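Coming up is one lone chain in structure tokens, specifically the form predicted alone.
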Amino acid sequence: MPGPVQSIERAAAILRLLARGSGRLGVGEIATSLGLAKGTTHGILRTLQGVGFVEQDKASGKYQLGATLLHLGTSYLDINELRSRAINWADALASRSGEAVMIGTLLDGKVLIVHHVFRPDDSLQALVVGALQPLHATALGKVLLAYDTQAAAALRESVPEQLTRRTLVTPTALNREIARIREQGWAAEAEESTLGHASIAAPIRGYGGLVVGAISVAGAVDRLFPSGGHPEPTLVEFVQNAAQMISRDLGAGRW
């Protein structure tokens, strides 16, 4: 078996040292703390800076943890806390609605499904945890778009895929939909991603009201949209209530 890679061990030690400190550290301070040559330390720091794991203060020349590394850590904590806090409420929502329940969060311009509760019947169903779904054509994705201006801007600059004849792809249609979601506090789609399929979603918020994910019910379009043009109001209420309960557990409070 190959042994550990020394340069990676040293890079990890530098990151731990920066994470432990309360401020920025210079090359000499880091080298002395870890017993490394200044040249070696500087080379590792430059590499870590190149991938965004550390940042250098222009005025002092000292280093601190970078935004990329902090984002990775925050994303890991957010996803795992989101899943753990949401499990019971997702199970309850599936039981009340009779439909499948999914929880998703934003990842690289897609919706990452982090939790999935099967529809409570005996039908054959496939687990989709870990799957990536389109932002513009799912209720989960449209909720996330509505509360993330960077994701919405990136989508406008791209050419969204026309998945069905109902998929919203023009900037005008997407902007109108995002505005409606912000106003009413929930999203829905009927056959925008898959024929015969529909979903209803609401935002999940963390501290300060920041939207960290979304929860949805998903199933046959004739069950979720029984009157054709509008989603079943009871299901909308169920989804919103579940989202509010999860948000409260995440510390969102009132918003």
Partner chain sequence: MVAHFVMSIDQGTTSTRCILFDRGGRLVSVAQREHKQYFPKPGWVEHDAAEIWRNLEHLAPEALAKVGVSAAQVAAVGIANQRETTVVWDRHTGHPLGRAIVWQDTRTDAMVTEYARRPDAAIVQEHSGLPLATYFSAPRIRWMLDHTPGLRERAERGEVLFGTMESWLIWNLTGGVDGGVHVTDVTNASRTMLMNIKTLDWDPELLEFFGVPAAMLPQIRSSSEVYGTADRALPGVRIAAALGDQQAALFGQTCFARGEAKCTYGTGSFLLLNTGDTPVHSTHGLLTTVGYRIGTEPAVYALEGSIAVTGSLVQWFRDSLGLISTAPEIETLARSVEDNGGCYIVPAFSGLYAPHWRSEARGIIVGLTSYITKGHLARAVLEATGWQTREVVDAMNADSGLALTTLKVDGGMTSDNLLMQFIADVLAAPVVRPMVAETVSLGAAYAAGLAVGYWPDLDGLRRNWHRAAQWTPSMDPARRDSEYANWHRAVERTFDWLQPAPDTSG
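For clarity, every value in this text was computed on a predicted model and none was experimentally measured. Numbering follows the first chain given and starts at 1.
Omitted here: the form predicted in complex with the partner chain. The next part is about that form.
This chain is displayed alone, yet in the model of the complex one of A94, L163, L112, A152 has a heavy atom within 4.5 Å of the partner chain; that residue is A94. Taking a 4.5 Å heavy atom cutoff to the partner chain in the model of the complex, the contact residue among R182, R83, R156, R176 is R83.
Contact with the partner chain, judged by heavy atoms within 4.5 Å in the model of the complex, is confined among 131-139, 144-152, 164-172, 95-103 to 95-103. The shortest heavy atom separation between D108 and the partner chain in the model of the complex exceeds 4.5 Å.
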